[in-house]
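The chain that follows stands alone, in the form predicted on its own, written as structure tokens.
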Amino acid sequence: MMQKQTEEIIKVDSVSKKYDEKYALKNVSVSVNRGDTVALIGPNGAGKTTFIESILNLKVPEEGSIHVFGIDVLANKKKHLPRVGAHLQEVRLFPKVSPRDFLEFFMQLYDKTADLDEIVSSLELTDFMDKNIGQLSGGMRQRVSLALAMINDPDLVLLDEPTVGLDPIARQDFWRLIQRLQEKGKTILFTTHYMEEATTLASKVIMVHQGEVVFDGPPSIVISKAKEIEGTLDQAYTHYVNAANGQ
């Protein structure tokens, strides 16, 4: 029987991006295949947000290449975007508009859209759809932003720190949302500070430190390393940082 060929959704090759003289990304090469759920993990300043923004062409690297769905993103800045849903840390939600009006407006911008009721239900936003966004808590506004990332029924979902500011119950809701997207065969890339979140949800973990990739592999290896060093998952991250630095 012929083995089905894996489709590469994201291909990042030797990408570097500087701010002044400091590298946000340094010679980064990673790939993401169709159906993968990838956790990009590292502390603040590690380069996670710059990575996401480079895929969306919000930041342009000085070196390297980025392909999404086989499209050269640097040469074709917007061609891939209709198939991408993104949740960024800094999203401006109009405070005097209801989530319903906000989401329905953006639905008009796409040729293909998801089922709004299904998204709203999965994020438990039903009771808040007709309130002004400015009246909602930070956690609820975060859910509206997540809903926006799903509204075009994307093939690739990019989520930058999606659970920051969420309480434990809302975080569990997000985990269930990711699992539903996985069941639909979506390709997901999310950034996080939380090692447990990465190893629970992801099929692949990419660890970054000061703009460089220090680990790229399945979460089972990270879990095994934590057991081997008799430490926590966070200590496993430190192990890979030290190993990359020759310590």
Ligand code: ATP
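Everything quoted here is computed from the prediction, not taken from an experiment. In this text, residue numbers run from 1 along the sequence as written.
Beyond what is shown, the protein has a form predicted in complex with adenosine-5'-triphosphate; the following relates to that form.
When adenosine-5'-triphosphate is considered in the predicted complex, only one residue from Asn132, Asn76, Thr113, Gln89 comes within 4.5 Å through any heavy atom, namely Gln89.
Considering adenosine-5'-triphosphate in the predicted complex, the lone stretch of 212-220, 45-53, 60-68, 197-205 in range is 45-53 [heavy atom distance within 4.5 Å].
adenosine-5'-triphosphate in the predicted complex is approached by His193, whose closest heavy atom lies within 4.5 angstroms of it. Mapping the unseen interface onto this chain, Val15 falls outside it, with no heavy atom inside 4.5 Å of adenosine-5'-triphosphate in the predicted complex.
In the predicted complex, adenosine-5'-triphosphate lies within 4.5 Å of some heavy atom of Glu161. The closest non-hydrogen atom of Ile10 lies beyond 4.5 Å of adenosine-5'-triphosphate in the predicted complex.
Heavy atoms closer than or equal to 4.5 Å to adenosine-5'-triphosphate in the predicted complex belong, across 127-150, to no residue whatsoever.
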